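Shown next are two forms of a single protein chain, provided one at a time as structure tokens under the names structure 1 and structure 2.
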Structure 1
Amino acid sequence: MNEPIVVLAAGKGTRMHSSLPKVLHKVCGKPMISYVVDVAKTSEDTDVIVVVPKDNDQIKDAIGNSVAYCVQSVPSGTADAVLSARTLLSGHNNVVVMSGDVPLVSENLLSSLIEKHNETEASITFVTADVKNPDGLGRVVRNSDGMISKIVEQDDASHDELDITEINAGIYMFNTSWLWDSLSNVAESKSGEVYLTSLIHLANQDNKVMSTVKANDEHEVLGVNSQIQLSAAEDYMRQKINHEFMLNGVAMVDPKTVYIDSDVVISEGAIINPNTHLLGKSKIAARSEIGPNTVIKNGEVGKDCKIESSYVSDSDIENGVSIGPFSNIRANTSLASNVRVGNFVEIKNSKVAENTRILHHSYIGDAEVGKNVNIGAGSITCNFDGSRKSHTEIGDSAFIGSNTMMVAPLKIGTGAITGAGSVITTDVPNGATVMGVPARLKK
């Protein structure tokens, strides 16, 4: 697959009723256009050109520098968008054109399009599909012999044409010499735009060879033009993701209530319980049980962990850790092997070494906690003084009594003990016992 591919991403997407560019709305955690670009870039030899609107760098930021860009200064329709890429397509005999709002398109369908185009030596080859609900999509109009006569957009369709269920998927392949000659002859629609679909009528007039490829599944050519269609794409993609994980040995008690983003990695033997959300680039290792009622976002979870009714964000959880219920592990936290975090615990920007226990109603922030430490219920690292965050260090095998307030910056030594209800304002030596408000050394 080394034909150049143009991805159209300059449309306004007015039916989305959103200030965010349509192609950047996410499906399972990833912008729609990223799926299209990934399919287009299957071959390293393929030149991919993305047509973007004027003064909008959001799309470029989302996709990156692995593709070329051209700008459609005025959003005047799909035909004008392709014309804006003409300079970048110089020297190519054929070009594939795709829409950035068809996120479920497959590599196989794109390969079939290219193969059919080359076999038939057509001027135009495009993808169609039979759909249950064609609302918002261009209808394929055929004559009495079943030959395609034109494609009509919904805004320009007659009452009878609106009843047609065969739609244009917005995926084309053109012979470029005929394409550039014909684009100048495309008439404006009622909306004042010029559409690629008008080329079908011109090809018929010129008696040019025209071929089609029909998608086997209407979902893979689902064009997203509204929030309702975005939800449908999300639902289909989520089912596909869950199905593939279960085929590979991931257990899901109720997959209908499990939400997994497209970049998540889950190892064989993991268990995902109901109402669990695995988001971003999260990774779940073998035999870990996640949920119910748990959210993990950009978190890496080791083997044999148990996380229940809790939130983990941008953190590393090593093997054998248990969390929850009802705890919040915030960004830049690392929990070493066999750490136990109980109910109503919040940990933020901290490192907790192996075999440490933080079991009830505690807050640990901007801290480094050693191994084999016990932190009693209600203990807090007082890390913020109103203007700056300060660090707390707790040594190995320390025992932090219930309701201990540790006022940072602070260092509590190895094997140290704090009495229940103490307020620690100065460093505690190794092996020492302190208690009171403020805490004093017990002699």
Structure 2
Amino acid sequence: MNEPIVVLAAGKGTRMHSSLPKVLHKVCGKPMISYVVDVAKTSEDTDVIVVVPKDNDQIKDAIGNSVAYCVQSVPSGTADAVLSARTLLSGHNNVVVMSGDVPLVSENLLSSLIEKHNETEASITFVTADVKNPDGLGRVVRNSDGMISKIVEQDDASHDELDITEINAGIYMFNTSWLWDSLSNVAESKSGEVYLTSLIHLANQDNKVMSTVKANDEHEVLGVNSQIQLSAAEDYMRQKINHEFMLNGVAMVDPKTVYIDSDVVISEGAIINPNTHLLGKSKIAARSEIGPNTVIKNGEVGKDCKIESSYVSDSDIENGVSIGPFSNIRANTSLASNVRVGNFVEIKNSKVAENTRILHHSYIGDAEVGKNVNIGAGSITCNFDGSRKSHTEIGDSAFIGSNTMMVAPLKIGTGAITGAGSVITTDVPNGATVMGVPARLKK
């Protein structure tokens, strides 16, 4: 069994000016704390305990039951937050503490912390970093031999201390027997909170062994306290995601304007054009070209598709489909292979079979459209009568003339033809031709 990891997430997050708990703010579509929990859970053997605020289930709802929770009743500082996990940690000799608002931390950094702590048999080991702008962060104060003497928070720092650029990352490992004794001795700071970082000074007084690990890249330890820092984390993560895809054969002419969420999957040979957003759990298969100016949210796109200046959400697009420009494929739609959707087409909650064309100015909602169908310009399913939604079925190889109104519930048979401008209010038999308002059978 590995040593347990406590993730702190009960702070007030005042500086975000947001009603959402700070750690639930998203970086590339994923809550900050989920990044931290994923790193903590790298090994399945590790028990992770998240410290959450009282009377707020939002964090639990977001992370689920892969971790344990403990409640900090009053957010009175990081030392108190750790103390609130004490009963859940009994029987463990060491504990790792991570901050839920430091989302870019890597598995490597965590394992070097654990390794260093065990190797040096320290009472405290913590991660530091040299940063360009230490504003707002705890500074690591060392004596002339380079030994750590304390961490001083910004508000308590002297002029000289403010110039220190080595900062505390908020990621620690403690020996528990020393930790529990000392935590209760932490004095309140000026702000009225009890700081976990005061332990460094106490360890020094007690002549305890302390170790540090330095992060190679200051971005990895970027703490998010404000909306500006959130956007910096997003910026960094976005670049990292895009680079990873490009290294794996995904083409992007202008990655600066490509926004890909952390759970998206893209296969080799895909092309992502400028100003394109691939969000949620979207998947793009090989050689598909997406964008410019396209948003795909939870869309699964097959091979060799082309989607331009369009929206796709919660839908399934099979191989060889083309969409756009300027179309909107809404939730629960599936387009089978080689379907062509042109411009100004909206499709919702519908199934469209292979090779069907819906090329201009159409609305298809709550429908099942067969294969090889041609839906003429301006044709729509009238699926809503003001109170109820109804279903439309269009058979294989039907030809729907321009500007046909299909008043649902309705079934149009295989190979049927509707005349331009017709309003169809009753079912059309297989092979029949109908026209007029309301449409009648052509004999």
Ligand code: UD1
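We call the rigid core the largest set of C-alpha positions that still match within 1.5 Å between the two forms. Here, a residue number simply tells you its place in the sequence of structure 1, counted from 1. Since the model is a prediction, treat every value here as computed from it, not as a measurement.
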| item | value |
| --- | --- |
| Index of the chain form predicted on its own, chosen from the pair | 1 |
| Residue 93 C-alpha relocation of at least 2 Å between structures 1 and 2, rigid core basis | no |
| Large Cα move at residue 145 between structures 1 and 2, threshold 2 Å, rigid core | yes |
